[in-house]
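First comes one chain, alone, set out as structure tokens in the form predicted alone.
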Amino acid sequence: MTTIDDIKQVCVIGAGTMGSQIALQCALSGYAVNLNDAAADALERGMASNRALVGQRVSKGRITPAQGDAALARLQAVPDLADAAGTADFVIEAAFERLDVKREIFATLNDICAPQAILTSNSSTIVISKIVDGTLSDPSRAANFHFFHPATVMKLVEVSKGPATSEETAQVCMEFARRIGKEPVLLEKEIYGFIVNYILGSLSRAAFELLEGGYATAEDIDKALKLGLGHPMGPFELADFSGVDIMYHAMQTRYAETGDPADKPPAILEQMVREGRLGRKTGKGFYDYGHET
């Protein structure tokens, strides 16, 4: 089993906003990182975004130009998954939030990665046992490793053990999170949504009930939670920030698992996804951001 000091090469799979920033955080912390994505344009955008983020840090004096150049030199775009993950000691899957996509990736990792490499998923809701069941010959080396957006800023990482995850794997994940400047928490048992999204799910369902029942506007619900509970963002602002489609698909996945009507995505979310109103990334969501992308 890989120890914390064995970790030299990291692979991040998925070059969206979350994956690319996770890769950059690892590179800024001194690790060699291969960033992989099946879509070449996504990989290009992720690398361009990271160059811009490094430039911003340099311009604000948070890092020196030499430190920025060194971090970018440690970060490589590698379009072929076998090349990207084959030599990795620690893999972080940050692909689209769909179980079938993640299971396909882990089945491939089972064949191409070294047998001692630690394999993790950044999924915000899907527990590791569902991802590795039948796809990984040694599930003791797999765990959830959940970052928060934006990954280069937010300190929290949730490490969640599956039924087969070894204590050694969990502790390496905890220490690796610390070594890349994060503050990890450990879930000893699996639960949908881990800590934050499990609690946030209940809050979001209540907020949607108020909105769809006509009790208050999205703006006033957000305002009430910010001023009354001290939340930095209301639930609808957070949905726009994270992606309305991400929230919708996470709720869909949960509903498919439980069949509980309380877990069914609200009709307004389904309508917004159909219309392409996905939040900040498209310029419109629950709020209008005055631009189209």
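If you're wondering where the values come from, they're calculated on a predicted model, not measured in any experiment. One-based numbering along the sequence shown.
Keep in mind that the form predicted together with a small molecule is missing from the display, and what follows is about it.
- The candidate stretches are 57-65, 231-239, 39-47, 248-256, and the one lying within 4.5 Å of the small molecule in the model of the complex by heavy atoms is 39-47.
- Not displayed here, the small molecule is kept clear of D222 by more than 4.5 Å at the level of heavy atoms in the model of the complex.
- The closest non-hydrogen atom of M18 lies within 4.5 Å of the small molecule in the model of the complex.
- Residue contact check for R179: none of its heavy atoms lie within 4.5 Å of the small molecule in the model of the complex.
- A216 falls outside the set of residues with a heavy atom inside 4.5 Å of the small molecule in the model of the complex.
- Exactly one listed residue, out of C113, M174, L211, I105, brings a non-hydrogen atom to within 4.5 Å of the small molecule in the model of the complex: I105.
- Put simply, of L109, L187, A95, A117 only one has a heavy atom within 4.5 Å of the small molecule in the model of the complex, and it is A95.
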